[in-house]
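Listed next as structure tokens is one chain, alone, in the form predicted on its own.
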């Protein structure tokens, strides 16, 4: 029998395509996407989705490495049935309550304002900003976890804004000026969250080339001209967490993860009706699809309302912290399998959180579908629906992730 997870050989076809695996290790489902890409385009060519065992994931983080590895093998096998090509490396998404996005601004006075700004100078400034962000991220995670000697790891870095003598520029290279201000968005996570992801990828036989914060991936995938100009809020509700990302001032300005997701409602139904978690999940899906009789529909609705209000309060808390007193964008995108729960979107509208938060006007609310992320092609429509926005966003990141450094990616 062919061992899919032993030694791999690099494959390129006549069009110069390379192949990479994107792995979304979700609380409820493991999703594997195989991407082909070259200099001009990228395509999804394989997809596998397998339900996780309930004890293997907790709040978006891996609780049982070997259990998750077994599920990942099944998902990758399904994805490889769609294509004869096999990748040799992979990127993996990371989520969880203690994954933190930190916005850091570094202000520097240049000694030689008439000298043109060089790449080397910018790299030194970015390194300083990252060191500052590391300290801030570690302090925040220590407060959140209560662990004083916590080890953390940098997951993502994005250069959001550069100003020279107060003027915003898109590319500071070769500019002159006395004062330079860099705003960086960095994502950090505890090592205990990051390490198991690498172990799973290595156990599959792939080389890990990137760990991507999932709310960052989703937000980055909708960075259209309109989103850059007017901003947007992305709310991804998965099985274990609700991930909130803020796009403002032309880039991703911050993310927050709240420890409530679709599994909270499943557990509530299971406890109240004394049924298994799998039966409760099935009942929840039938409720959301209007497939239950009226009396059962009312019973389920009354059962989950308290947890829905907890989710609404968590969203309001996250947006309050991300706003930092400044105006929030007028558009909110919901995605993730948990966002399809009946009553959730209507409940957000009825909660009227815009009246208590710094919105200029009542925001427009949309349900984001994976197929709307059209910067990557999906010729066989393998990855669609609101539940597949994250794996498609990770696939997009897999196609665009290269060996370019931060400045090349942001300033090209």
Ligand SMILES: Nc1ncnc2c1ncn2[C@@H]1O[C@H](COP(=O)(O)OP(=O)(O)OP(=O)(O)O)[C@@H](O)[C@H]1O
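Positions refer to the first chain, counted from 1. In this text, all values refer to a predicted model and were calculated from it rather than measured experimentally. Take the two forms, superpose them, and find the largest set of C-alpha atoms that agree within 1.5 Å; that set is the rigid core.
Unshown form predicted in complex with the ligand; subsequent notes refer to it.
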item	value
Whether 31, 238 and 263 all lie within 4.5 angstroms of the ligand in the model of the complex by heavy atom	yes
Segment assignment from 336-344, 132-140, 152-160, 187-195: heavy atom within 4.5 Å of the ligand in the model of the complex	336-344
Interface residue in the model of the complex among 105, 171, 249, 288, criterion: non-hydrogen atom within 4.5 angstroms of the ligand	288
Partner contact for residue 387 in the model of the complex: the ligand, 4.5 angstroms, heavy atom	yes
Any non-hydrogen atom of residue 73 within 4.5 angstroms of the ligand in the model of the complex	no
Distance check, residue 26 to the ligand in the model of the complex, heavy atom within 4.5 Å	yes
Any non-hydrogen atom of residue 281 within 4.5 angstroms of the ligand in the model of the complex	yes
C-alpha of residue 282 moved at least 2 Å between the shown form and the other one on rigid core	yes
Flag for residue 93, CA shift 2 Å or larger between the shown form and the other one after aligning core	no
Core-superposed comparison between the shown form and the other one, residue 266 Cα displacement 2 Å or beyond	yes
Inter-Cα distance between residue 257 and residue 216 in the model of the complex, nearer or further [3 Å or more]	farther
Relative Cα spacing, residue 67 and residue 96, in the model of the complex - shift of 3 Å or more	farther
